[in-house]
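Below are two forms of the same protein chain, given as structure tokens: structure 1, then structure 2.
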Structure 1
Amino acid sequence: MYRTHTCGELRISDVDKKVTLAGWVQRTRKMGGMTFVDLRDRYGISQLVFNEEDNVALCEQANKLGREFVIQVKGVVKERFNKNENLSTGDIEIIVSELTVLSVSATPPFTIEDNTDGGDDIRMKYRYLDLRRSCVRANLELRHRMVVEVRNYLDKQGFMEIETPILIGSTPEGARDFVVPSRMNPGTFYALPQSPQTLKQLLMVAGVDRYFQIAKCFRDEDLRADRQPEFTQIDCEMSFVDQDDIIETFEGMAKHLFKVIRNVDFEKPFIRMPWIEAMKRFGSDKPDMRFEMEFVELMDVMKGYGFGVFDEANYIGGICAEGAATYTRKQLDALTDFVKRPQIGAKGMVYARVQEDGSVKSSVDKFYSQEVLLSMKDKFGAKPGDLILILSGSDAMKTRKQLCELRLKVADELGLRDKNKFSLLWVIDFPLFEWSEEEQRLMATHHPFTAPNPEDIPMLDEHPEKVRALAYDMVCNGIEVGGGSVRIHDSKLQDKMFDVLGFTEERAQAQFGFLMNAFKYGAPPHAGLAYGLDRWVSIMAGLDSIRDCIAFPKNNSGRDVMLDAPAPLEQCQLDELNLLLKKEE
């Protein structure tokens, strides 16, 4: 051992002990004949003191230390004259009698401080230096702690962690697979799993009963901001359970995690909100319920008064922003611009302020009498000083989604999205299918193994779009942290699903044959759920990006700029794999 104690360990009770410390030089200060060095390691910072009067040569040596040098010192612990309350070791300092430089350091390209001067790109290139910053390391520590808690919680509940393979077969449904050429079997490829979905279902067929895995997943998708080509799931599956069992089990786990990680207690059961209700009240299948501002539908109040936009609309709805009547014209114009951006796509926005005297002043006063506006106000339960914002459109669902964006934007501006407040709920009763504009066909909302709600099975043929799934998402602060479903365990029902999804028997067999075959040998009823670990850690840590809780993340082009990967192969590697690169055209 190069040390007797870490840099975060010594206290006033250690005074007069002889100690050896090792770590990085955070900074040095020369004050008169004294040199002070802040020595840093993972556990904290300790102050070292070199005194010219005691040892000139040693003090000179200390004066030559640069930032981020790795050193080892021996010395005696003394009480500090000027105590530092911000440091756990702030009551003491070490009077150094021996100094060894273990490694020198070039000047780092940015400062190793919480408030660094380094931009994103340079910090990613030198991620090993970025990780020295305590604010970044804290995220990894929180991630570690969460993962320990998850594992022990599930272990106590009888779940077995089972590693499923990373080199599997390609199933070109859903997102794009990353593939791996096989040298031993020329012309063939493995694929990396998008999730262990089918493998965990096989484990249920195998009688594992309760499975989990903290599993690496891979999707070769065009990267959007804050999406990683490889990410981590807490992947779970249970046999002989129904939807309520899953919800109770994983609600218990969520409450446990919030308690141990953030000391937050949830006393009540989480709300279970049907998907259609979530859409109607919040325009989202992952409503942020840290604040209210629920949608109010206004078709019966606002339609038919000669305002063409509303008169032609199939949906009119709004939100009431409490106390926001002070919004200036400029702020309101900015909101209008926001909803009119192509990503959102609204045609415009109507607003109305509730005045001090209770009357309503709106942007459409010339179409509506005060009487109509007052009855609108009453529908919101709005008070003087409130601001009402209204959108309309021909497609109710699309307009609701636009209104959702507006709601979140306004909530951001009003400071209602507090990172230290947590609001969780379950969204249930998702539609089993959704229409894909791109593919011009029905697609499984989750995946083709999701069980329909038994009540709705009779509608599978005539009105598949109306069939509800036994699927559920756990939502935290407007973010889906996890989701899953009851699975189909009946081969005949599974065949029916493939049929509705337009799979030929051959294609179903080619892609999912191994699973369908397995189901012929006694599949138990089963259901499961997967959490996005990166996302969940980032919520717990109060981070904006999942990148900040990943040790070595990739950038938005899928590159690891530190490792400089991906990169061209050597020709001999391509030859061995029997591959040619297509010439660029």
Structure 2
Amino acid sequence: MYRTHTCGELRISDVDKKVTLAGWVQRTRKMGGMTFVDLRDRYGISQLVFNEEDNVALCEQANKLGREFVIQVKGVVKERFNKNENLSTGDIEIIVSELTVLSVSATPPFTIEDNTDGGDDIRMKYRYLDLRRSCVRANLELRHRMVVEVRNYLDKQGFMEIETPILIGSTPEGARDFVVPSRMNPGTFYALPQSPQTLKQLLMVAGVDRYFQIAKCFRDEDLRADRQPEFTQIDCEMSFVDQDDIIETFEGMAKHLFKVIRNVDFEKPFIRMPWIEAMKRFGSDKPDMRFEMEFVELMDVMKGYGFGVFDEANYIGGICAEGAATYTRKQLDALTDFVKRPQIGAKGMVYARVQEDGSVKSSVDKFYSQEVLLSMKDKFGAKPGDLILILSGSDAMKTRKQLCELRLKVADELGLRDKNKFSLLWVIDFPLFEWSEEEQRLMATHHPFTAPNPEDIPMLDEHPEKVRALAYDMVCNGIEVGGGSVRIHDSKLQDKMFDVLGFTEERAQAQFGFLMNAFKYGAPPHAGLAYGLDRWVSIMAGLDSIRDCIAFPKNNSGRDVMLDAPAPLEQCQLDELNLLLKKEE
């Protein structure tokens, strides 16, 4: 065998054992007549010792080892004189009697250390080397552990794991599909699933009342830190349940994961906040609740005093940053520049400091008396030393979203977004529809199979924009980690949904006829949810990007720089698939 023990296994209790280890050379150090080698594998590092006094030839062989050489050694475990408290094996070392080089290595393009000298691009190109770093590998180990816990939890709850197809039909409603041409059926295409949505609903019709899958999903959309073109969902569906049943089941799973992974207990039920309330209080449908700075509306206090920006506004609102009155003019100007960025779109920012004597000093003093400013301060409940930041605009929803970005920016600067603190809630009562400027029509906020709130069904004809959905998102630290809805299981209501969305009967039948036909044979009430596994792992690991918990991620352009994909096809492949590329003009 190549090894009797791993490099992270041996302890002081193993002293005088004869062992065989195998792994990668982390580093070598020559000190007089002795050479020390750190040998690494997935499990840890062990120190190897070569002594010229014992074996000159063996020591010379060790001196020729380079970083990342793969070697096998045989030797005896001894107590280490200079112990290393930072290593689990730091109390022992191996006195080597035999060395075999299994594979030589070129000099790596970056150091295989936790604090590496490699940038993102070079590490992604050589991802197989990056994965040797213990901090990166730990993320994959955490991911593995979470998947095991999810499977065990759902199995105990009576769920059945079922795989659904990767090659399916295109469903243009929602994000863009990745399409796959069919060689055997020229001129036709498969699509890669954005989610197993319709398939898991068919499983409910089939009588599988509790389904789950660790499902690969694909969306051809612009990328951010928490998005990849391919990602993994913990995809679930249940029959004969309502919204409360789903929330209780998967809140239980979230609490279980936090307990076993982070040893964090949540004794109280998670908050349930209606979408409209979340937008009014925080300007976001995924509010970060780890800190305060809730929005305060100021239309009744600040409008009508001759300050044109506010007098012409349809919304005036602000946040109060506790203890931040020490912000300098330079810092405040930087915040103003931040909200004026095109991505945010505010025209400016007003600020006010609460002085030590309780008075208020603001950037618009000439328009407002101290009496009005004190009234404003009272609206926030601000105290001496606090900083008030105010935005306004003609569109209340857009201005709230701008204020949300400002709130998060200030919280980052003040260190209020502690990655070891967790605040979870459910956002419920989403709008069933949203207006698409691109399509110039109503679109389903989640997907066309989401059930409307029964109280709002009468408004589907005249005021569909006011209809609430039986939909729910779980939010953790300002990140949507999962969401779902109660599904429509009545064919007539589903037909009505398609009608509001502008589907002709023919189009609805062409795209979703298989589901509608299945509903004719007895569809149970059902509901479901999908958690983003990548996002869950990144939160548990305290990461800023989901890329760091995916073995082989894409970059921000959707490219795999290691495999050089996507890449052009050979002409013979294009001919086989009956594809003709349009030439760029």
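Because the structure is predicted, anything quoted here is derived from the model rather than measured. Numbers given to residues start at 1 and step along the sequence of structure 1. Think of the rigid core as the biggest set of C-alphas that the two forms share within 1.5 Å after superposition.
K.L.:
Out of structure 1 and structure 2, where do we see the form predicted in complex with another copy of the chain?
P.N.:
Of the two, structure 1 is the form predicted in complex with another copy of the chain.
K.L.:
Answer yes if the CA of D16 moves 2 Å or more between structures 1 and 2 after aligning the rigid core, and no otherwise.
P.N.:
No, the C-alpha moves less than 2 Å.
K.L.:
Does the C-alpha of N578 move 2 Å or more between structures 1 and 2 once the rigid core is lined up?
P.N.:
After core superposition, the displacement of the N578 C-alpha between structures 1 and 2 reaches the 2 Å mark, so yes.
K.L.:
Hey, core superposed, how many Å does P566 shift at the CA between structures 1 and 2?
P.N.:
The alpha-carbon displacement, core-superposed, is 2.3 Å.
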